[in-house]
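One chain is shown next in structure tokens, namely the form predicted on its own.
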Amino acid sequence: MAKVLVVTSGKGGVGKTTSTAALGAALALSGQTVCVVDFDVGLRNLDLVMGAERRVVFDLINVVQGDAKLSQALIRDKRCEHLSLLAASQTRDKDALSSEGVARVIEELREKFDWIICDSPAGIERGATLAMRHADMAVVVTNPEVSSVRDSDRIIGLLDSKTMRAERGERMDKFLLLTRYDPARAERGEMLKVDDVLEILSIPLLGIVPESQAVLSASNLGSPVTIANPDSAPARAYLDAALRLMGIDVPITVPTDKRSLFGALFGRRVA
């Protein structure tokens, strides 16, 4: 049965869009059919991260309002045959989204794909609530910072109250994806440790994505890191997270700051 997954957070800039692309590509590489949907109307970026900005003709708003068919708006990834994109509009605002139209699009997507991954805008306004409304499960993306964790706690509350599952009295599976984690900074007390974040948010840990230039480089190339650099530490973290979403038990290892004696003496981290 198709699953609708929302990738969400309270704070902007934590890595929702790159995580949506990376997880979508990871699931597609495993043979699952995946559609990633950009709900950030007016500020779309998922098409850039996917390298499809020049291929957008029709978007989510066009389909919601009945100006285009879903088949006309879907963009199939050229690198991964099981991965598709439904882009957001860059010239409209979130008021153009209707609850009925979004429901119709999601139901149509359920008939075509194994996974529908909704890239939610940051915050708690209309676009975010519509992105999460039809979700079966959620990935809450947060950085190990107090403000990011606090905002994520508010989002967890919305997932438990503003979704169709909540209205039906059903439980929604929620998972924590910790991004931009730097073990050296965590040891120095410059960011929260993994256990601190888990204690505050109290949801299962899906994965830990370490701070890495590989993520930014992949985004600038217009490719999910799981495709552009599959051997990098962030890509491995996303690939393992995708396996966990599919119910496969993969142990989570917390990154550590491993230094050689030479590196410790001269302040250079070992690769």
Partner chain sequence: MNLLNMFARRTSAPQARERLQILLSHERASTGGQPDLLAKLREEILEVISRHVTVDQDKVMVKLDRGDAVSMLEVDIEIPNRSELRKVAAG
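Source: prediction; values computed, not measured. Positions refer to the first chain, counted from 1.
Unshown form predicted together with its partner chain; subsequent notes refer to it.
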property: Close approach of residue 126 to its partner chain in the predicted bound form, 4.5 Å, heavy atom; result: no
property: Distance check, residue 150 to its partner chain in the predicted bound form, heavy atom within 4.5 Å; result: yes
property: Proximity of residue 188 to its partner chain in the predicted bound form, heavy atoms at 4.5 Å; result: yes
property: Partner proximity in the predicted bound form: residue 192 to its partner chain, non-hydrogen atom cutoff 4.5 Å; result: yes
property: The single option of 182, 196, 173, 160 touching its partner chain in the predicted bound form, heavy atom within 4.5 Å; result: 196
property: Sole residue of 137, 106, 200, 96 within 4.5 Å of its partner chain in the predicted bound form, by heavy atom; result: 200
property: Location of its partner chain contact in the predicted bound form, chosen stretch of 110-118, 162-170, 142-150, 96-104 [non-hydrogen atom, 4.5 Å]; result: 142-150
property: Contacts with its partner chain in the predicted bound form, stretch 53-75 (heavy atom within 4.5 Å); result: none
